[in-house]
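One chain is shown next in structure tokens, namely the form predicted alone.
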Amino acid sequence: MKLTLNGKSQFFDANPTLQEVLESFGQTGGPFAVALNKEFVPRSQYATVRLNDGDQLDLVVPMQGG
């Protein structure tokens, strides 16, 4: 199955959880939010949300500046 994270595609053998996918992309901590198919997912649900072929993930990191 194919998933896309911030425009970068990767293939997975099975329907992984959101947590598994984030770990495979090296996102294990830090301040960020995740949108799955343009809908934000609460961090408390990362380990239980199963992804499907063609899902699009957007990782949003807060910016500082002025």
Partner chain sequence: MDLKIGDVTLTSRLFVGSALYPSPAIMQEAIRASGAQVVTVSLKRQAPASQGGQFFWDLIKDLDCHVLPNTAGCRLANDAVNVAEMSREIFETSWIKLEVIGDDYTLQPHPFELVKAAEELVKRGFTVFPYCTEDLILCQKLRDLGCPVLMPWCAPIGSGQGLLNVFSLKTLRTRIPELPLIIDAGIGKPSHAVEALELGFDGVLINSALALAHDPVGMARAFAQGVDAGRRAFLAGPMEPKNMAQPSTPLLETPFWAGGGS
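All values derive from a computational prediction rather than experimental measurement. Numbering follows the first chain given and starts at 1.
There is another form of this protein, the form predicted in complex with the partner chain, and it is not shown here; the text below is about that form.
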- Message: So in the predicted complex, is the partner chain close enough to V60 to count as touching (4.5 Å, heavy atoms)?
- Response: yes
- Message: At 4.5 Å between heavy atoms, is F12 in contact with the partner chain in the predicted complex?
- Response: no
- Item | L5 within 4.5 Å of the partner chain in the predicted complex, heavy atoms | yes
- Any chance R50 has a heavy atom within 4.5 Å of the partner chain in the predicted complex? no
- Listed by sequence position, which residues of 1-30 have a non-hydrogen atom within 4.5 angstroms of the partner chain in the predicted complex? L5, N6, G7, F25, G26, Q27, G30
